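Take a look at this one chain, the form predicted on its own, written out in C-alpha coordinates.
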Amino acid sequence: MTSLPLSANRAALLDQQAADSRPIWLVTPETLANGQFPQTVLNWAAANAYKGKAGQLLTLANEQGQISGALFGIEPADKDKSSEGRLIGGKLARLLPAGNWHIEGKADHAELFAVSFLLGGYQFNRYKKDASAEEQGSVSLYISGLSDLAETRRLADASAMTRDLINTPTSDMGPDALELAARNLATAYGAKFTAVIGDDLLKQNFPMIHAVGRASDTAPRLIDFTWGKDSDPKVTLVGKGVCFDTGGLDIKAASGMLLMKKDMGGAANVLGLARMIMDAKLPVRLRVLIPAVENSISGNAFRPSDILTSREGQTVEIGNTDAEGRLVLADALTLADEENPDLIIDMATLTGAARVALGPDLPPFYSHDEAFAAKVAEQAAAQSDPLWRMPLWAPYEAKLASKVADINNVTTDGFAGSVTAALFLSRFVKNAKVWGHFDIYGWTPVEKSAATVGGAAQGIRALYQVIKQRYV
(Lines give C-alpha, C1' and ligand atoms only; values in the text may rest on other atoms or scores of the structure.)
Protein backbone atom coordinates (compact mmCIF):
# COMPACT_ATOMS: atom_id res chain seq x y z
CA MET A 1 0.00 0.00 0.00
CA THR A 2 1.35 3.45 -0.88
CA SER A 3 0.39 6.93 0.16
CA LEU A 4 -1.76 8.80 -2.36
CA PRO A 5 -0.39 12.18 -3.48
CA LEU A 6 -2.31 15.42 -3.13
CA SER A 7 -4.76 16.12 -5.92
CA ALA A 8 -4.02 18.86 -8.41
CA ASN A 9 -4.48 22.53 -7.66
CA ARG A 10 -4.96 24.83 -10.61
CA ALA A 11 -4.07 27.88 -8.51
CA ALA A 12 -0.77 29.08 -7.08
CA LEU A 13 0.35 32.21 -5.27
CA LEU A 14 3.48 34.09 -6.31
CA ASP A 15 6.00 35.70 -3.97
CA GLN A 16 6.46 38.57 -6.40
CA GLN A 17 4.81 39.88 -9.53
CA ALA A 18 5.89 38.04 -12.69
CA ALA A 19 7.28 39.99 -15.65
CA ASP A 20 4.46 38.82 -17.92
CA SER A 21 1.74 39.29 -15.30
CA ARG A 22 -1.62 40.65 -16.38
CA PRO A 23 -3.70 42.92 -14.10
CA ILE A 24 -7.03 42.10 -12.48
CA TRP A 25 -9.18 45.01 -11.36
CA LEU A 26 -11.56 44.16 -8.50
CA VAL A 27 -14.82 45.97 -9.15
CA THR A 28 -18.36 46.34 -7.92
CA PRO A 29 -21.30 47.62 -9.98
CA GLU A 30 -20.75 51.04 -8.36
CA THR A 31 -16.99 51.27 -8.92
CA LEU A 32 -17.33 50.00 -12.48
CA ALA A 33 -19.81 52.72 -13.27
CA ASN A 34 -17.98 55.48 -11.37
CA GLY A 35 -14.36 54.35 -11.60
CA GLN A 36 -11.57 55.76 -13.75
CA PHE A 37 -11.65 53.14 -16.50
CA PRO A 38 -10.87 53.95 -20.15
CA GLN A 39 -13.89 54.33 -22.34
CA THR A 40 -12.77 51.31 -24.37
CA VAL A 41 -13.03 49.15 -21.21
CA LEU A 42 -16.47 50.51 -20.41
CA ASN A 43 -17.58 49.91 -23.99
CA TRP A 44 -16.32 46.32 -23.83
CA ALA A 45 -18.11 45.75 -20.52
CA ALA A 46 -21.34 47.13 -21.99
CA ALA A 47 -20.98 44.97 -25.11
CA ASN A 48 -20.69 41.89 -22.88
CA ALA A 49 -23.51 42.99 -20.53
CA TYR A 50 -20.94 42.95 -17.75
CA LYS A 51 -22.15 44.74 -14.62
CA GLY A 52 -19.39 43.83 -12.14
CA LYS A 53 -21.58 41.57 -10.06
CA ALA A 54 -19.83 39.49 -7.40
CA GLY A 55 -18.08 36.47 -8.90
CA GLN A 56 -18.29 37.64 -12.52
CA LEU A 57 -15.12 37.75 -14.63
CA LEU A 58 -14.59 39.70 -17.81
CA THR A 59 -11.31 39.34 -19.70
CA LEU A 60 -9.92 42.33 -21.57
CA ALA A 61 -8.03 42.30 -24.89
CA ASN A 62 -5.39 44.54 -26.39
CA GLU A 63 -5.25 45.77 -29.98
CA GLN A 64 -3.70 42.50 -31.11
CA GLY A 65 -6.61 40.53 -29.64
CA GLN A 66 -4.51 39.10 -26.83
CA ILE A 67 -5.80 38.88 -23.26
CA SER A 68 -4.37 41.91 -21.48
CA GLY A 69 -6.23 41.96 -18.19
CA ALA A 70 -9.51 41.22 -16.44
CA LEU A 71 -12.30 42.69 -14.37
CA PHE A 72 -13.57 40.62 -11.44
CA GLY A 73 -16.64 41.44 -9.42
CA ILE A 74 -16.50 41.44 -5.62
CA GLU A 75 -19.02 42.30 -2.93
CA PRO A 76 -19.20 45.97 -1.97
CA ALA A 77 -17.33 46.75 1.26
CA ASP A 78 -20.56 47.22 3.20
CA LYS A 79 -21.95 43.85 2.07
CA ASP A 80 -18.94 41.48 2.16
CA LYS A 81 -19.32 40.22 5.73
CA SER A 82 -20.59 36.82 4.62
CA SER A 83 -18.25 33.87 4.14
CA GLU A 84 -19.12 33.71 0.47
CA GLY A 85 -18.33 37.39 -0.03
CA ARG A 86 -14.92 37.29 1.62
CA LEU A 87 -13.97 33.98 -0.03
CA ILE A 88 -14.99 35.09 -3.51
CA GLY A 89 -11.40 34.71 -4.70
CA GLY A 90 -12.06 30.99 -4.99
CA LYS A 91 -14.19 31.64 -8.05
CA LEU A 92 -11.35 33.59 -9.62
CA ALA A 93 -9.16 30.48 -9.47
CA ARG A 94 -11.61 28.57 -11.63
CA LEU A 95 -12.50 31.36 -14.09
CA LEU A 96 -9.16 32.90 -15.00
CA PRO A 97 -7.39 31.84 -18.20
CA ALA A 98 -4.04 30.15 -17.58
CA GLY A 99 -1.00 32.30 -16.92
CA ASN A 100 0.39 34.86 -14.47
CA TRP A 101 -1.85 37.51 -12.97
CA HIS A 102 -1.80 40.14 -10.24
CA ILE A 103 -4.41 42.10 -8.33
CA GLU A 104 -4.17 45.74 -9.36
CA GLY A 105 -4.21 47.88 -6.24
CA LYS A 106 -5.21 46.61 -2.81
CA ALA A 107 -7.55 43.70 -2.09
CA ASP A 108 -9.74 43.96 0.98
CA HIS A 109 -9.30 40.98 3.31
CA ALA A 110 -6.17 40.11 1.32
CA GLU A 111 -5.25 37.04 3.39
CA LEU A 112 -8.74 35.57 3.07
CA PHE A 113 -8.83 36.38 -0.62
CA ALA A 114 -5.51 34.58 -1.09
CA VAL A 115 -6.57 31.51 0.91
CA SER A 116 -9.84 31.33 -0.98
CA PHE A 117 -8.00 31.57 -4.29
CA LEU A 118 -5.97 28.46 -3.41
CA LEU A 119 -9.01 26.64 -1.99
CA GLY A 120 -11.01 27.40 -5.13
CA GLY A 121 -8.36 25.93 -7.41
CA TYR A 122 -8.49 22.49 -5.78
CA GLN A 123 -9.29 19.63 -8.17
CA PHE A 124 -9.93 16.04 -7.13
CA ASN A 125 -9.06 14.27 -10.36
CA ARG A 126 -6.88 11.32 -9.45
CA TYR A 127 -9.44 8.84 -10.79
CA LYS A 128 -9.84 10.64 -14.13
CA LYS A 129 -8.08 8.97 -17.06
CA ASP A 130 -7.31 12.30 -18.69
CA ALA A 131 -7.17 14.68 -15.75
CA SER A 132 -4.87 17.15 -17.46
CA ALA A 133 -7.55 18.10 -19.98
CA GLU A 134 -9.77 19.32 -17.16
CA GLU A 135 -7.11 21.32 -15.38
CA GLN A 136 -7.32 24.08 -18.03
CA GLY A 137 -3.75 25.09 -17.33
CA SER A 138 -2.38 26.57 -14.12
CA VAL A 139 -3.09 30.07 -12.83
CA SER A 140 -0.59 32.02 -10.73
CA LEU A 141 -1.57 35.13 -8.82
CA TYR A 142 0.35 37.85 -7.02
CA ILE A 143 -1.44 39.80 -4.28
CA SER A 144 0.37 42.69 -2.64
CA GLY A 145 0.05 43.23 1.09
CA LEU A 146 0.04 39.60 2.23
CA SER A 147 1.63 39.46 5.67
CA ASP A 148 2.62 35.78 5.65
CA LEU A 149 2.50 33.86 2.39
CA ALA A 150 3.79 30.69 4.09
CA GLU A 151 0.83 30.80 6.46
CA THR A 152 -1.59 31.21 3.57
CA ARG A 153 -0.14 28.17 1.81
CA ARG A 154 -0.14 26.22 5.07
CA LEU A 155 -3.88 26.67 5.53
CA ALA A 156 -4.66 25.81 1.92
CA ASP A 157 -2.42 22.74 1.78
CA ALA A 158 -3.85 21.30 4.99
CA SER A 159 -7.38 21.88 3.75
CA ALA A 160 -6.55 20.17 0.44
CA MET A 161 -5.19 17.15 2.32
CA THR A 162 -8.40 16.99 4.34
CA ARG A 163 -10.53 17.13 1.19
CA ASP A 164 -8.41 14.46 -0.49
CA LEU A 165 -8.87 12.05 2.40
CA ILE A 166 -12.64 12.51 2.40
CA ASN A 167 -13.00 12.35 -1.38
CA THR A 168 -11.05 9.10 -1.69
CA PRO A 169 -13.45 6.11 -1.81
CA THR A 170 -13.31 3.49 0.91
CA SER A 171 -11.78 0.99 -1.50
CA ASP A 172 -8.64 3.13 -1.17
CA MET A 173 -9.33 4.74 2.22
CA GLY A 174 -10.26 1.99 4.66
CA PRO A 175 -8.98 1.89 8.24
CA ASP A 176 -5.58 0.59 7.11
CA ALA A 177 -5.16 3.35 4.49
CA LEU A 178 -6.30 6.00 6.95
CA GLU A 179 -3.66 4.69 9.34
CA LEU A 180 -1.05 4.99 6.61
CA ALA A 181 -2.08 8.56 5.82
CA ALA A 182 -1.81 9.47 9.50
CA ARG A 183 1.51 7.64 9.82
CA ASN A 184 2.96 9.48 6.80
CA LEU A 185 1.85 12.82 8.24
CA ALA A 186 3.35 11.98 11.62
CA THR A 187 6.61 10.85 10.03
CA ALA A 188 6.86 14.00 7.93
CA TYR A 189 6.87 16.14 11.09
CA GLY A 190 8.84 13.83 13.38
CA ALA A 191 5.90 12.74 15.54
CA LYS A 192 5.83 9.50 17.52
CA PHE A 193 3.29 7.11 16.00
CA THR A 194 1.58 3.98 17.27
CA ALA A 195 -1.53 2.02 16.31
CA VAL A 196 -3.50 -0.53 18.29
CA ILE A 197 -5.02 -3.00 15.83
CA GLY A 198 -7.58 -5.80 15.92
CA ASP A 199 -7.81 -7.93 19.05
CA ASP A 200 -5.08 -5.85 20.67
CA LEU A 201 -7.86 -3.29 21.18
CA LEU A 202 -9.41 -5.70 23.68
CA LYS A 203 -6.08 -6.38 25.38
CA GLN A 204 -5.46 -2.64 25.78
CA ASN A 205 -9.04 -1.87 26.84
CA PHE A 206 -10.70 -0.23 23.87
CA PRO A 207 -13.74 -2.52 23.75
CA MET A 208 -16.21 -0.23 21.96
CA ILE A 209 -13.81 0.55 19.12
CA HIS A 210 -13.34 -3.19 18.69
CA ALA A 211 -17.06 -3.95 18.85
CA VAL A 212 -17.99 -1.42 16.18
CA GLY A 213 -15.24 -2.42 13.75
CA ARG A 214 -14.91 -6.18 14.22
CA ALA A 215 -17.40 -7.11 11.48
CA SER A 216 -15.20 -5.65 8.74
CA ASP A 217 -12.57 -7.59 6.82
CA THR A 218 -10.20 -4.74 7.66
CA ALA A 219 -9.36 -4.78 11.35
CA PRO A 220 -10.42 -1.82 13.51
CA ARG A 221 -7.65 0.24 15.04
CA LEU A 222 -6.81 3.20 17.23
CA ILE A 223 -4.37 5.61 15.58
CA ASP A 224 -2.28 7.55 18.07
CA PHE A 225 0.56 10.01 17.49
CA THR A 226 2.22 12.72 19.56
CA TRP A 227 4.33 15.71 18.57
CA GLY A 228 6.08 18.50 20.43
CA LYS A 229 7.70 18.96 23.81
CA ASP A 230 6.19 17.14 26.79
CA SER A 231 6.62 20.33 28.82
CA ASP A 232 4.30 22.31 26.53
CA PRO A 233 0.52 22.53 27.06
CA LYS A 234 -1.24 19.33 26.04
CA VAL A 235 -3.64 19.72 23.12
CA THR A 236 -5.41 16.55 21.98
CA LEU A 237 -7.41 16.16 18.78
CA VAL A 238 -9.84 13.25 18.46
CA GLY A 239 -11.39 12.44 15.08
CA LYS A 240 -14.12 10.00 14.14
CA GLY A 241 -12.61 7.62 11.59
CA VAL A 242 -15.56 5.54 10.42
CA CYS A 243 -14.29 4.84 6.92
CA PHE A 244 -17.63 3.50 5.79
CA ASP A 245 -20.93 3.23 7.61
CA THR A 246 -23.56 0.75 6.47
CA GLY A 247 -25.47 1.46 9.65
CA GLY A 248 -24.60 -2.03 10.87
CA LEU A 249 -27.49 -4.39 11.54
CA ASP A 250 -29.75 -1.32 11.71
CA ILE A 251 -28.82 -0.94 8.07
CA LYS A 252 -29.17 2.32 6.19
CA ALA A 253 -31.20 2.62 3.00
CA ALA A 254 -29.15 2.61 -0.20
CA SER A 255 -29.55 6.39 -0.54
CA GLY A 256 -28.20 6.81 2.98
CA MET A 257 -24.98 5.02 2.09
CA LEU A 258 -24.08 7.02 -1.01
CA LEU A 259 -21.89 9.50 0.89
CA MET A 260 -20.71 7.24 3.67
CA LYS A 261 -17.13 7.35 2.46
CA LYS A 262 -17.19 10.77 4.15
CA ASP A 263 -17.99 9.32 7.58
CA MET A 264 -14.30 9.61 8.41
CA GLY A 265 -14.54 13.36 7.82
CA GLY A 266 -13.85 14.07 11.47
CA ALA A 267 -10.57 12.16 11.25
CA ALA A 268 -9.66 13.93 8.01
CA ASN A 269 -10.31 17.35 9.50
CA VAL A 270 -8.36 16.51 12.65
CA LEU A 271 -5.39 15.47 10.49
CA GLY A 272 -5.66 18.73 8.54
CA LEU A 273 -5.69 20.73 11.77
CA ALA A 274 -2.75 18.71 13.11
CA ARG A 275 -0.81 19.47 9.95
CA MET A 276 -1.37 23.20 10.41
CA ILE A 277 -0.22 23.05 14.04
CA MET A 278 2.90 21.02 13.32
CA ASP A 279 3.86 22.94 10.21
CA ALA A 280 3.61 26.23 12.13
CA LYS A 281 5.60 24.71 15.02
CA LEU A 282 3.10 25.94 17.59
CA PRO A 283 4.37 25.51 21.18
CA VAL A 284 2.04 22.69 22.20
CA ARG A 285 2.39 19.00 22.92
CA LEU A 286 -0.03 17.71 20.31
CA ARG A 287 -1.72 14.33 20.45
CA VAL A 288 -3.95 12.95 17.72
CA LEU A 289 -6.30 10.03 18.37
CA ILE A 290 -8.38 8.45 15.60
CA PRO A 291 -10.53 5.36 16.09
CA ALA A 292 -10.53 3.95 12.53
CA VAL A 293 -13.22 1.38 11.73
CA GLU A 294 -15.79 0.25 9.21
CA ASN A 295 -19.30 -0.27 10.54
CA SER A 296 -20.04 -3.40 8.53
CA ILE A 297 -22.41 -6.36 8.66
CA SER A 298 -21.38 -9.95 9.30
CA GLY A 299 -22.08 -12.76 11.74
CA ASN A 300 -20.04 -11.09 14.49
CA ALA A 301 -21.46 -7.58 14.10
CA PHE A 302 -22.62 -5.91 17.30
CA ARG A 303 -26.39 -5.93 17.72
CA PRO A 304 -29.25 -3.74 18.90
CA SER A 305 -29.80 -4.39 22.64
CA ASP A 306 -26.18 -5.49 23.17
CA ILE A 307 -24.57 -3.95 26.23
CA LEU A 308 -20.98 -2.79 25.74
CA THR A 309 -18.57 -1.84 28.47
CA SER A 310 -16.56 1.25 27.60
CA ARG A 311 -12.91 1.91 28.41
CA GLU A 312 -14.08 4.31 31.13
CA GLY A 313 -16.17 1.53 32.69
CA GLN A 314 -19.64 2.81 31.87
CA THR A 315 -21.96 0.28 30.27
CA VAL A 316 -23.77 1.30 27.08
CA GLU A 317 -26.98 -0.28 25.82
CA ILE A 318 -27.13 -0.29 22.03
CA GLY A 319 -30.39 1.26 20.96
CA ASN A 320 -29.24 1.58 17.36
CA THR A 321 -26.11 0.27 15.63
CA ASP A 322 -26.18 3.28 13.29
CA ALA A 323 -25.15 5.51 16.20
CA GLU A 324 -21.68 3.97 16.18
CA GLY A 325 -19.55 7.11 15.94
CA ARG A 326 -20.17 8.15 19.52
CA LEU A 327 -19.15 4.68 20.70
CA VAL A 328 -15.69 4.73 19.13
CA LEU A 329 -15.21 8.36 20.13
CA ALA A 330 -16.08 7.53 23.75
CA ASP A 331 -13.15 5.13 24.10
CA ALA A 332 -10.78 7.57 22.38
CA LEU A 333 -11.98 10.51 24.48
CA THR A 334 -11.47 8.48 27.64
CA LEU A 335 -7.87 7.83 26.65
CA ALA A 336 -7.35 11.51 25.81
CA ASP A 337 -8.87 12.57 29.14
CA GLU A 338 -6.56 10.31 31.16
CA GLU A 339 -3.68 12.72 30.47
CA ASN A 340 -5.51 15.72 31.96
CA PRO A 341 -4.87 17.80 28.83
CA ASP A 342 -5.35 21.52 28.64
CA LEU A 343 -7.61 21.17 25.60
CA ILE A 344 -9.49 18.33 23.88
CA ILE A 345 -11.13 18.96 20.52
CA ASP A 346 -13.14 16.22 18.87
CA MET A 347 -14.53 16.38 15.34
CA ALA A 348 -17.04 13.98 13.86
CA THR A 349 -19.62 13.60 11.12
CA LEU A 350 -21.85 12.54 13.94
CA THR A 351 -25.54 13.33 13.41
CA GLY A 352 -28.03 14.05 10.68
CA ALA A 353 -29.84 16.14 13.27
CA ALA A 354 -27.07 18.75 13.07
CA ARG A 355 -27.76 19.13 9.36
CA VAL A 356 -31.52 19.39 9.95
CA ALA A 357 -30.88 22.17 12.47
CA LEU A 358 -28.17 24.16 10.69
CA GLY A 359 -27.70 22.73 7.20
CA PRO A 360 -24.50 21.38 5.65
CA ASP A 361 -22.47 24.62 5.69
CA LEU A 362 -22.76 25.60 9.36
CA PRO A 363 -21.44 22.96 11.78
CA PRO A 364 -22.57 23.18 15.40
CA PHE A 365 -20.09 23.01 18.22
CA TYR A 366 -20.45 22.39 21.93
CA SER A 367 -18.39 23.38 24.95
CA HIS A 368 -18.87 24.07 28.65
CA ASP A 369 -16.10 26.69 28.54
CA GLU A 370 -17.45 30.15 27.81
CA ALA A 371 -14.09 31.74 26.98
CA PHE A 372 -13.18 28.96 24.54
CA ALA A 373 -16.60 29.09 22.89
CA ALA A 374 -16.35 32.86 22.48
CA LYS A 375 -12.92 32.55 20.82
CA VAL A 376 -14.21 29.87 18.45
CA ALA A 377 -17.16 32.04 17.43
CA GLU A 378 -14.84 35.04 16.99
CA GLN A 379 -12.41 33.19 14.74
CA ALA A 380 -15.15 31.44 12.80
CA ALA A 381 -16.34 34.88 11.77
CA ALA A 382 -12.86 36.33 11.25
CA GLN A 383 -11.68 33.42 9.08
CA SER A 384 -14.98 33.00 7.19
CA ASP A 385 -14.98 29.40 8.46
CA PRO A 386 -18.53 29.08 9.80
CA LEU A 387 -19.30 27.44 13.16
CA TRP A 388 -22.27 27.93 15.47
CA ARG A 389 -22.47 27.17 19.17
CA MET A 390 -25.26 24.89 20.36
CA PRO A 391 -26.20 24.20 24.00
CA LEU A 392 -25.20 21.23 26.11
CA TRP A 393 -28.72 21.23 27.51
CA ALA A 394 -28.35 19.08 30.63
CA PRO A 395 -32.04 18.14 31.07
CA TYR A 396 -31.90 16.23 27.77
CA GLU A 397 -29.33 13.81 29.18
CA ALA A 398 -32.22 11.97 30.85
CA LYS A 399 -33.37 10.93 27.36
CA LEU A 400 -30.30 8.66 27.15
CA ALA A 401 -31.33 6.66 30.21
CA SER A 402 -31.31 2.87 30.04
CA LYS A 403 -33.16 0.42 32.28
CA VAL A 404 -30.42 -2.18 31.98
CA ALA A 405 -27.18 -0.19 31.56
CA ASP A 406 -25.60 3.07 32.62
CA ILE A 407 -26.63 4.79 29.38
CA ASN A 408 -28.20 4.15 25.97
CA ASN A 409 -26.42 5.28 22.82
CA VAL A 410 -29.60 6.88 21.42
CA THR A 411 -32.82 8.47 22.61
CA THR A 412 -36.26 7.04 21.86
CA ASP A 413 -38.00 10.23 20.68
CA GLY A 414 -35.49 11.48 18.10
CA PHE A 415 -35.54 15.05 19.36
CA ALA A 416 -32.38 17.20 19.70
CA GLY A 417 -30.22 14.47 18.20
CA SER A 418 -27.05 16.55 17.91
CA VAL A 419 -27.42 17.86 21.46
CA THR A 420 -27.97 14.41 22.98
CA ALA A 421 -25.02 12.99 21.02
CA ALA A 422 -22.84 15.75 22.48
CA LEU A 423 -24.20 15.02 25.96
CA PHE A 424 -23.33 11.34 25.46
CA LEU A 425 -19.73 12.26 24.64
CA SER A 426 -19.49 14.70 27.53
CA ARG A 427 -19.82 11.79 29.98
CA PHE A 428 -16.39 10.57 28.90
CA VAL A 429 -14.52 13.88 29.43
CA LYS A 430 -13.93 14.64 33.11
CA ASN A 431 -10.35 15.83 33.57
CA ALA A 432 -9.54 18.04 30.58
CA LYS A 433 -9.45 21.75 31.31
CA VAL A 434 -11.42 22.55 28.14
CA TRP A 435 -13.34 20.31 25.75
CA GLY A 436 -14.97 21.21 22.44
CA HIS A 437 -17.10 18.91 20.26
CA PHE A 438 -17.64 19.75 16.58
CA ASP A 439 -20.44 17.96 14.70
CA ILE A 440 -19.35 18.60 11.11
CA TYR A 441 -20.82 17.47 7.80
CA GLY A 442 -17.51 17.09 5.96
CA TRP A 443 -19.03 17.63 2.54
CA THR A 444 -19.92 20.49 0.18
CA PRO A 445 -23.15 19.47 -1.60
CA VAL A 446 -23.43 22.63 -3.75
CA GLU A 447 -20.46 24.50 -5.22
CA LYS A 448 -19.39 27.58 -3.28
CA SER A 449 -16.85 30.30 -3.92
CA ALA A 450 -13.92 28.46 -2.36
CA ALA A 451 -15.20 24.89 -2.57
CA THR A 452 -16.24 22.57 -5.34
CA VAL A 453 -18.68 19.73 -4.62
CA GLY A 454 -17.00 17.08 -2.48
CA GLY A 455 -15.10 16.63 0.76
CA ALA A 456 -14.96 19.71 2.96
CA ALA A 457 -12.50 21.11 5.49
CA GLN A 458 -14.82 22.65 8.07
CA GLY A 459 -13.83 24.68 11.10
CA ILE A 460 -10.13 23.86 11.05
CA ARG A 461 -8.89 27.25 9.87
CA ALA A 462 -10.83 28.85 12.71
CA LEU A 463 -9.64 26.29 15.26
CA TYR A 464 -6.04 26.71 14.16
CA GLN A 465 -6.28 30.43 14.92
CA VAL A 466 -7.90 29.73 18.30
CA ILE A 467 -5.07 27.37 19.25
CA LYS A 468 -2.43 29.72 17.86
CA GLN A 469 -3.74 32.65 19.90
CA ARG A 470 -4.19 30.51 23.02
CA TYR A 471 -0.64 29.23 23.20
CA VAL A 472 1.64 31.66 21.35
Ligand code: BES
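It should be emphasised that the depicted structure is a prediction, and the values quoted were computed from it without experimental measurement. Residue numbers run from 1 along the displayed sequence.
Here the subject shifts to the form predicted together with the named molecule, a form of this protein not shown in this document.
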> Is the binding site on this chain open or blocked for the named molecule after its pose in the model of the complex is superimposed by the nearby C-alphas, counting blocked as 3 or more ligand atoms within 2.4 Å of backbone or C-beta?
Replying inline: open
> Can residue 361 be called a contact residue for the named molecule in the model of the complex at 4.5 Å between heavy atoms?
Replying inline: no
> Is the gap between residue 145 and the named molecule in the model of the complex 4.5 Å or less for some heavy atom pair?
Replying inline: no
> Would residue 163 sit within 4.5 Å of the named molecule in the model of the complex, counting heavy atoms only?
Replying inline: no
> Applying a 4.5 Å heavy atom distance criterion, does residue 262 contact the named molecule in the model of the complex?
Replying inline: yes
>> Counting any heavy atom within 4.5 Å as contact, can you tell me which stretch out of 371-379, 94-102, 237-245, 204-212 lines the named molecule in the model of the complex?
In response: 237-245
> Within 4.5 Å of the named molecule in the model of the complex, heavy atoms considered, which of 435, 441, 424, 438?
Replying inline: 441
>> I need to confirm a contact call. Of 323, 344, 71, 182, which residue comes within 4.5 Å of the named molecule in the model of the complex, counting heavy atoms only?
In response: 323
>> Can you list, in sequence order, the residues from 280-297 that come within 4.5 Å of the named molecule in the model of the complex, counting heavy atoms only?
In response: none
